[in-house]
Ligand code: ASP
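In the form predicted alone, a lone chain appears below as structure tokens.
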């Protein structure tokens, strides 16, 4: 014999019920018991109608009309018109009885638990009758069974306790005499020994099926729902979640208790002692393997089998010096909660006995605080115990697996993963079986926590990075293209899955939490919402993705001022914008401190030398104990390009214009030619060497005329270059006469820094520096005479973008 249970989504409408019929018809068993839920959504409508009626709101009538229409239209769609009369008559009769009950609740202005159970039972009564008649109509050998005649409970309404002795006897006697191959009965509903309708609790249809399966020693219990089994995590929140092929009873109970909604927690209890397997399957994809639940057969020794959560939780804490060493405090605490039907799902207590903390439904927290304070009124008045403390908007997240107890370090791995993603843990509990590690977190962090943990434990070390990119001009667009080209390589070779979630330019911004298509991002951005730096940050924070990285490709001081907000929320920052790191030293140091405190990398390799590994190399020198004695460098690719191409056959104006057009300079070329850009770079290198220095401490020997420095727009600046062309030609002629080349050099030594144009003689390391290349000479205690030299392309959109990309990969490898 098989027992098949179909949930509300499986019987939501005529189309789905036809799928159920096909599954039953091809189940391959000589005897089948089919347990069905109410039509999808009907139970909620019944509860709404009862609530409105008891509140004396006439709105209950429109809800009842919706219930009535759903059932009558389902009958008309399923049953041949020649056979409809009998079925419609029965359904309408039941609906009339339901309407009478609702009218009664409306007239007296209240509803009792008994009346509520009677009203809500109509969902399963009607669905099971309609489906059984449809099966008969379809040619199946089928009989309808009223569950209330078989499942017997106590008189406790809304979640009655089953009388298993009487229920087992009823089931065995009934099905021993049953002639039909298929029996259809409603789940969830039962009756007391006095004949009053009772219910088994929301989700009780699973429980009904398990009770019947155990009573009849069924070969298997198949539970059909709208997903293909129990998943490693909630697939609605974790897209990478996958079905678990085989799981133990105990693991399934833990997962279902902590929110895996495909299985009602008490379901396992009746079949566990009989060793009856449970098969979770998908009504809409019945050929999928689903999940098989049996005794523990975790042969492969997998540790964590699933990650789950239960939301809408609250913490209730009792603490005070009067609790230490006093017997009976915990007993009184739990007793008062039990007496008021408040279920405790999470417990933690310090070994000092100074406090005890429990997790309960947020719906019960106000009541719980009141009754606990009342129970400990004397101790609270004497100051021995503090008034109960309530914390809300919480959730419990749990790792589950039978073999977790055999593996060291799982707790550490779990908590470090949450910590890296700024998920604050409010309380921790682990059972003696070590099958479950639970933590209480903010409800707003659930999606991020589930995804981060799933990535850590199930995704073969593929790490997802979620990027939010500000600035998509020359550098930004090259950066996005490089990601597009390398995405497959990174996923396959480096186990990094890089997604761009948000992009913005100065005009518009666009977000897509599933990832922006990098082949069409320009069109998406053009039709995006108006750009706003504050709203951009708020959107990043609201999405609350794991491994979030803010990428700044601008030269904006306003954007640079937002870094602290990102870092303070554990959002990494990668930037080619030099303003933050060359700002006041205290601000620079604060950003570094925030990065360490919130475990959010702050990387700015492209601040100096574009794609060259200058800062990274310097960091490694310092970290390994070396000390920088002197730095000499040509750090402006734009200025090197300008002076490598300027001669007596060209004009200074034309070369600078060319450098701007080819992307070697900032949009405002005066930033480069004034020396301020080089000043920022040598300042950053000095700071990264461990020195406290401000931009005003650097001497700038500018070669530009004062008139050029004082211009406030590009047109005036370029006009001034034409005006002073003879001065530039004199500089070139003087250097040529000395067989030297003009290079803009930055230097730091003995706490002093300077920048300026120099004549570099033949034989010097800087003399043959071509194009837009940069060069840095690090003289250190380990390299006092022959410096460490880093040389290469130091400007251009491509190399800058590649440097930003390299920083992203560094974060991915952290």
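Positions refer to the first chain, counted from 1. As the structure is a prediction and not an experimental result, all values here were calculated from the model.
Below, we turn to the form predicted together with aspartic acid (ASP), even though it does not appear here.
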* Asked: Is residue 203 close enough to touch aspartic acid (ASP) in the predicted complex, meaning at least one heavy atom pair within 4.5 Å?
  -> yes
>> Quick check on residue 188: any heavy atom within 4.5 Å of aspartic acid (ASP) in the predicted complex?
In response: yes
Problem - Proximity of residue 38 to aspartic acid (ASP) in the predicted complex, heavy atoms at 4.5 Å - result: yes
Problem set entry | Non-hydrogen atom contact residue 43 with aspartic acid (ASP) in the predicted complex at 4.5 angstroms | yes
TL;DR on 522-530, 645-653, 204-212, 569-577: the one with heavy atoms within 4.5 Å of aspartic acid (ASP) in the predicted complex is 204-212
Contacts from 93-132 to aspartic acid (ASP) in the predicted complex (any heavy atom within 4.5 Å), listed N to C, are 124
